[in-house]
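Take a look at this one chain, the form predicted alone, written out in structure tokens.
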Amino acid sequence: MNLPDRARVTTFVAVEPTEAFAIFTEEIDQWWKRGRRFRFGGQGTLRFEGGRLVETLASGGEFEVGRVLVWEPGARLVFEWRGTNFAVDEITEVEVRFEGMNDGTQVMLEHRGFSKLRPDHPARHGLLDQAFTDMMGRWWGELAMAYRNHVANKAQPPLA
């Protein structure tokens, strides 16, 4: 039996794919939700830098979430994903695709490789199989909505 190994979410933003990609990568710290549920350090800063996704913790320390594997502006981004409590070989992968459609961009995110996490891994929060991938899908869904709102707010004209 194949266990669910991935979570997928899709959103739409009303900007061209190159701008959607730029906002996703260059403004990640602005749209990525804050707090311990979404950031390893709770209130640290998140950025793509030097071929890596890095969180600078409020303490001043730094945590490398993962290396960037594919960087195709306006089309595709793939990066490794690991938590602070992951062993060296417990690296998952996130792929984000940007496809132009209807005067905007469909952004499809897939987080895969959950089978690398043992059943009692703390990242699973006691959940197995579909329950775990459903939880991850809801987590990424909240982030996708935050990204979408960030893009929409940028497109709003300033109040007169």
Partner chain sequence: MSSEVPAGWPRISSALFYDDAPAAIDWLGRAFGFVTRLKVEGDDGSIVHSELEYEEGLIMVGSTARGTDGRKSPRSIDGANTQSLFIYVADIEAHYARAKAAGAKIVAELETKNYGDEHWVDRGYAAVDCEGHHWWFAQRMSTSKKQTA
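Treat the numbers as computed from the prediction; the structure is a model and nothing was measured. Positions refer to the first chain, counted from 1.
Note that the form predicted together with the partner chain isn't included here; everything after this is about it.
- Of the heavy atoms in V151, none are within 4.5 Å of the partner chain in the predicted bound form.
- Taking the partner from elsewhere, T18 is found to have every heavy atom lying beyond 4.5 Å of the partner chain in the predicted bound form.
- By the criterion of a heavy atom within 4.5 Å, T25 is excluded from the residues contacting the partner chain in the predicted bound form.
- Taking the partner from the other structure, the partner chain in the predicted bound form has no heavy atom within 4.5 Å of any heavy atom of Q43.
- Taken together, F12, Q130 and A144 are fully in contact with the partner chain in the predicted bound form: each brings a heavy atom within 4.5 Å.
- Shown alone, this chain has one stretch from 88-96, 130-138, 25-33, 63-71 that lies within 4.5 Å of the partner chain in the predicted bound form by heavy atoms: 130-138.
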